[in-house]
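In structure tokens, one chain follows: the form predicted on its own.
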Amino acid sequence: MKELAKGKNFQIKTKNTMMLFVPRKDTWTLIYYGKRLGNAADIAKLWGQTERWFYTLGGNVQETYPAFGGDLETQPQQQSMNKHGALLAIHANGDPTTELAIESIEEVKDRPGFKHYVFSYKDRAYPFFVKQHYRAAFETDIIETWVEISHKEKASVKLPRMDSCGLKFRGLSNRYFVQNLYGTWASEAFVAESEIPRGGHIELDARSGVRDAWGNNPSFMLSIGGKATETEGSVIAGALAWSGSWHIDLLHDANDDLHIYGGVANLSGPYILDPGKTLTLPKFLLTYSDKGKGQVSRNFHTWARDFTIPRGHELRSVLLNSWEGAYFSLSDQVLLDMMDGVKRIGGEMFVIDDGWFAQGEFVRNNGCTGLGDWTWNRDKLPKGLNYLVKQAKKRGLKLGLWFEPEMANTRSQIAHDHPEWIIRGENRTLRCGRGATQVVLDMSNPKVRENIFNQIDAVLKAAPGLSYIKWDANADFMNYGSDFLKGERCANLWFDYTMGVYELIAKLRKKYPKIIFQACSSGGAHAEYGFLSHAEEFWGSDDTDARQRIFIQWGETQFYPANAMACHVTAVPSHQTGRVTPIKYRFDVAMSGRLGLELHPKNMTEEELEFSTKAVALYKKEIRPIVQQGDLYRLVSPYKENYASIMYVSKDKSKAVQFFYGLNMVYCGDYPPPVKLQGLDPKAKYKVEEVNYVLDKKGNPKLHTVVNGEILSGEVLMEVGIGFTMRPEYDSAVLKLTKVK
């Protein structure tokens, strides 16, 4: 560590942004976060130039980590007590106030491309310590911040509030607009935007305990001054890397100051922290853009691929998942038939979903039995999982398997043998979820984690070569109580449960480093960076209807990259909406993420099989590298028009792919104007080719643009745009652009 000089202004810089801190008595004040500027001294001179009304419940000092009861000002008439704060600590003697004084700022050695600083604080009266980390990823403009809390008091300290981030910005504007993602099952990641009224706040939260990207996603974009667009406006964006219950609070106070708080949510009481223990809170991710929301998304996507998602630069396999094609009706023959189907189409992996496990009276034939008993069912699969691994390998396929490690059914061997491992309330009737029997296992308990690890480990040992685990979680905390966490320590369950899940998956990953993990939770309830630091991809939604997925995927790409977003082609009528869409439309939508299928190929027509084979080959060769590793540009929002368009551009700008989707047929009206492309090299020439088209009865391609085959400049493509003709309902087009000399 390198200790930095005290008493001087301090900067954290990325390629395009900066944070500026100034010393103030025995704390530090964050006075600027935004576009990188050259003269920090001038910023400091201009800060605070407008007189502020002294009365503020949030405290006068813009501490880097404000605590309830803190905020000791230098001028007597300006003194106040912070009644918000990112931290509320009830000390061993019952004092609920905390006054943090700076002890040191140190630079910590980190990986190349990062600057990592640690602000160390101590309470003025108690041996209570806070270390606040700032870790800046230079090229991506992402700054991570998180906190470690410890103490040496005579007894436990209680923490009703323990946020990872608490920032205050003085007078950036008099208007702030918040964009967030909301939704539940089959309707994840819908986009909303609201103004924060002066004197008011918007709180985003999730209280499930498990499915915590539902209700709200732990992320936001905050436009300063007016609503930012995809390409214009100042935006501060944040995301909390956490898979348990959480809150993010955005406050616009009466002085036009902006407060941002965010972290884990202790819903049933304070977290109990013992002397000598250190509590490390999850990362809160921040970025800034003065070029609109699209740049915010690209910052997150690049950072995620480079530094967070495991194997972020590997191309993801095209897979077939068994769920909508077979549901619980599994047998060796059904699975072999599906393997043959995905092999013919050109897929690279087959994933066996729910229904392969448990024995005897607990066999998994529906959602009522078997969860928690991770042994392959000998009646359904008499030759064993290793036989299926070998059969997949024989066909040139990898094999994956579905688990739901955090859950059990009351009708299971594990629940019969260990009812004390279930999260449940003492003297309360047990509430159950799916199938009227599903319950949540207490992942805060090391014995539970060890049991589940050993069961999954035995499966993986018996079937060496398994390449993929779909990790599902289909319940909330429906009961409250822990046999492991007694009395008031039961309040630790909200935090310790999630940390237990992370520990379990990390242990499995360490022993089986080649296995790909998918974060699934009743659909997209684990589309967040807490789980995505342990899993290569997430399942976006159980709603696989192509038209609905345009909206869902539009929302998910606000923060999460395409190579992590699993998108499947499924049968029609849609099992969720009943909608019938063409096979081309379904592929065009699914190609904009990690392409997969979820149907039984034997139920496809010969024409559909032929189209699918060509589409998969095209995706693997031409589209996959650009979509999964390129920069995303959202061109036309489905929320604003009867059509939508997005595009991806390779990092070197040599290739691009554009997707255009019709949403609602308007006869003789609503002709789409030319769509202006983005992200290309304006000085380069690009050949434009429509791909993934269908043929008419005469064998001619059904094209949607007159510029197919033309060579056009990047400048013209971005300033004039490409026109599309959409004919039937649910029509779509895909264009490939290639730089030419």
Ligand code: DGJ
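The numbering used is simple: start at 1 and walk along the sequence shown. The structure presented is a predicted model; accordingly, all values stated were derived computationally and were not measured.
What comes next is about the form predicted together with this ligand, which is not displayed.
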Let me know the one among D373, E99, D249, D353 whose heavy atoms come within 4.5 Å of this ligand in the predicted complex, would you? D353
Contacting member of K470, R586, R594, H151, with respect to this ligand in the predicted complex [4.5 Å, heavy atom]: K470
Give a yes or no for D542: in the predicted complex, does one of its heavy atoms lie within 4.5 Å of a heavy atom belonging to this ligand? yes
Is there a heavy atom of N474 no more than 4.5 Å from a heavy atom of this ligand in the predicted complex? yes
Answer with yes or no whether F362 is in contact with this ligand in the predicted complex, where contact means some heavy atom within 4.5 Å. no
Considering only heavy atoms, tell me if S297 and this ligand come within 4.5 Å of each other in the predicted complex. no
Interface segment, criterion being heavy atoms within 4.5 Å of this ligand in the predicted complex, picked from 88-96, 449-457, 514-522, 485-493: 514-522
Check each residue of 394-420 against this ligand in the predicted complex and list those with a heavy atom within 4.5 Å, in sequence order. W402
